[in-house]
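The data below hold one chain only, encoded as structure tokens and taken in the form predicted on its own.
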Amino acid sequence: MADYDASTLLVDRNLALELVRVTEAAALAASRWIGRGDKNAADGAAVDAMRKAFDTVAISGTVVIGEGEMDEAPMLYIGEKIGLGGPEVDIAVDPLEGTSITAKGGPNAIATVALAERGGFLHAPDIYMDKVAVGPGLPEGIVHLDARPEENLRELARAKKCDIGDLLVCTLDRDRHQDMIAACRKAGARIMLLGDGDVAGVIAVSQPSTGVDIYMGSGGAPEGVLAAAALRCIGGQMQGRLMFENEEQVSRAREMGVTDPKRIYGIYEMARGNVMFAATGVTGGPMLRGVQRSAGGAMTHSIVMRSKSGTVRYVEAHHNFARKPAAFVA
């Protein structure tokens, strides 16, 4: 993916749309389980559909962020080879971000995929990552992971020429964030609490329509890499630091190439080179509408972006199941 001529650019553009078909397949399958109270069934349906969809994509892909190790996940496991054959790329997936959301019929569940040239993604273990992210058009280094929440808010308000009270902070609704939330509120900022789905939460900082100014807090490290890939394409700043609970996790991370357990990773360290990102809404949220099913068909709403061009496309697709290949009918 490093050298581009006219034919390679065409393949690149086509591949971006192929990624949308992959996330559409996962979202359609998961949508059957919205509100049915079974998060494992929803996740399993999304994983199975996404894996089948990858069989139609002209890549030689390696899953570097997926559903777990080979002995933990039947498919889309770390190290699995996927695709029909073609450019050698690394793949990061979350077939259903927001399994509990989907099971409860709540907002903001999405199916996501990111693609990078070989070696482009941080091989993040399945642990927590502390994160901070802001949108595009701001001075470099305007926020820092080691700064206190009120300091980041003060600098961000100054850069945006607004009051701290005008800022909206997005974070996961978790007990571990109580002190941070209290500090933000004391400083005067408003808070948007998410039940799940911090990939969408991070991406929200780059979308003016969401009203989100900054994302703070800890969530999954694999989701952090997916979010970094999206911000690489759409614009913004992000920092992340892995959060280890024991020496076993540190040892596992070292096996995956992490040399400094305390390192703060910048956005270009989490997602390097040419990157693509695609997501399809499963349930509706600020960024994407959810799957709308009808007799014999469905409508999906997706986003696809490429770091090389900086292009962001929203795709509304109308699916006629009567004419759809069997592998994609959900």
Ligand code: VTB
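The numbering used is simple: start at 1 and walk along the sequence shown. From a predicted model like this one, the values you see are computed outputs, not experimental measurements.
One more form of this protein exists, namely the form predicted in complex with the ligand; it is left out here, but the text below deals with it.
Contact residue in the model of the complex, chosen from 160, 118, 252, 174 - any heavy atom within 4.5 Å of the ligand: For this set of options, the contacting one is 174.
Close approach of residue 197 to the ligand in the model of the complex, 4.5 Å, heavy atom: Residue 197: contacts the ligand in the model of the complex.
Evaluate residue 98 for contact with the ligand in the model of the complex, applying a 4.5 angstroms cut-off between non-hydrogen atoms, and reply yes or no. Residue-level check for residue 98: yes, a contact with the ligand.
Within a 4.5 Å heavy atom cut-off, is residue 125 in contact with the ligand in the model of the complex? Taking the distances in the model of the complex, the answer for residue 125 is no, it never comes within 4.5 Å of the ligand.
Does any heavy atom of residue 223 come within 4.5 Å of a heavy atom of the ligand in the model of the complex? Yes, residue 223 lies within 4.5 Å of the ligand in the model of the complex.
Please name which of the stretches 205 to 213, 181 to 189, 140 to 148, 90 to 98 has residues with heavy atoms lying within 4.5 Å of the ligand in the model of the complex. Heavy-atom contact with the partner occurs in 90 to 98.
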